[in-house]
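First, one chain by itself in structure tokens, the form predicted alone.
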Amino acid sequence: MTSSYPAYLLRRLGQFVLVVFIGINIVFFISHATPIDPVEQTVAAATQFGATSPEAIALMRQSLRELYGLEGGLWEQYAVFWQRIAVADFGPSLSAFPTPVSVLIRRAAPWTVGLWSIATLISWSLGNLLGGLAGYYPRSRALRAAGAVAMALHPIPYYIVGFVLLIVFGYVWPILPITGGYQINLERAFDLRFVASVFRHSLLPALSLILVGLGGWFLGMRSLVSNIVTEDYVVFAELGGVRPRRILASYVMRNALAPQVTGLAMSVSTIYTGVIIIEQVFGYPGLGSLLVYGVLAGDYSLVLGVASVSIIAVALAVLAIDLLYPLVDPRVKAR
């Protein structure tokens, strides 16, 4: 089993590289297929308030093409694009010139990664725990009520739940902040006031993601556990006097958890899409808000940078889950 794990690791790393390569290529060619020319947009914006000599405009156009990696033909631009990705340099932002795109991404990424990872971990863990208990104790009224709530929340889109929470806790019962990542007049510092402010501002966005995500994990785990409890080895354990807690943890939950780990890897991209939408609903200063801002501003470099980093982040998350999967289901190592 141990000797087969390196081969498993190499296969997963190869899949990771292939996914990132294909995804970033799609981003590059779609962005270059659009009729928008970022250089001409910038030149038009710079010259709209006064006459400028043709020589100055030509020099500006040439400088901008060098800055944005748009010199030469398509394949030359393609080579420059991958060179910039290799050193994490996407050039300057059009809308926040001369701030580099990489700086804007570094400022926004921690907000998205924190919200995404914490909300996913809570919804997955809590949903599986409650679903496992509901499947093992089907007569519990409290767990059946939780199942009804999960079934009601599961099909609702993230942004609908976000809007409902925004109205309830922002206007009907205004006890939580509804926009931003922290209090405006606070200085960014790792102290109690700033951390508390970040926590309060993240409650509604995180709760929107947790409520919707929890329903799916609850229903999936409940269904899996309901089938596993009828297996022979579970029945024999019960007849043998094994404690119910041990049966639930070691015999039932662990076997039911493997498909849920696979489901988590498959749903990572969907969860990330939900984060982007929720960030826009609550004005959260993450990559989602940055991407929407770049699209609306026609910021070619910013959109390319955020999309590329997002593809790499999602692929890394899936890779991490795949590498942890053998710890849940040791049979994977022998495949």
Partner chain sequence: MLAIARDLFRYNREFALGVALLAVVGGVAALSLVSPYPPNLTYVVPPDVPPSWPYLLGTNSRGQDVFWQLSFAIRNTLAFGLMVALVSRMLALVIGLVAGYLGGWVDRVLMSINDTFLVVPLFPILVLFYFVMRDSMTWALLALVMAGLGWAYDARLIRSLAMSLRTREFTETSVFSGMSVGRILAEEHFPYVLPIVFSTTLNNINWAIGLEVTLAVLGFTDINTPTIGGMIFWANQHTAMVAGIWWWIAFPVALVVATFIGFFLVAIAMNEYIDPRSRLMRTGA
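Quick caveat: nothing in here was measured; it's all calculated off a predicted structure. Numbering follows the first chain given and starts at 1.
Beyond what is shown, the protein has a form predicted together with the partner chain; the following relates to that form.
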**Message:** Given that the partner chain is not shown alongside this chain, does Ser63 nevertheless sit within 4.5 Å of it in the model of the complex, heavy atom to heavy atom?
**Reply:** no
**Prompt:** At the 4.5 Å heavy atom threshold, is Pro326 in contact with the partner chain in the model of the complex?
**Reply:** no
**Message:** in the model of the complex, is there a heavy atom of the partner chain that lies within 4.5 Å of any heavy atom of Val314, even though the partner is absent here?
**Reply:** yes
**Asked** For Ser226, is any heavy atom within 4.5 Å of the partner chain in the model of the complex, or not?
**Response** yes
**Item:** Ala152, Val103, Ala79, Leu129 - the one with a heavy atom within 4.5 Å of the partner chain in the model of the complex
**Value:** Ala152
**Prompt:** Which residue, Tyr137, Phe169, Phe194, Tyr159, has a heavy atom that falls within 4.5 Å of the partner chain in the model of the complex?
**Reply:** Tyr159
**Message:** For a quick test of understanding: in the model of the complex, does each of Trp124, Phe236 and Leu248 have a heavy atom within 4.5 Å of the partner chain?
**Reply:** no
**Message:** Heavy atom within 4.5 Å of the partner chain in the model of the complex: which residues of 7-24 meet that condition, in order?
**Reply:** Gln15, Leu18, Val19, Ile22, Gly23
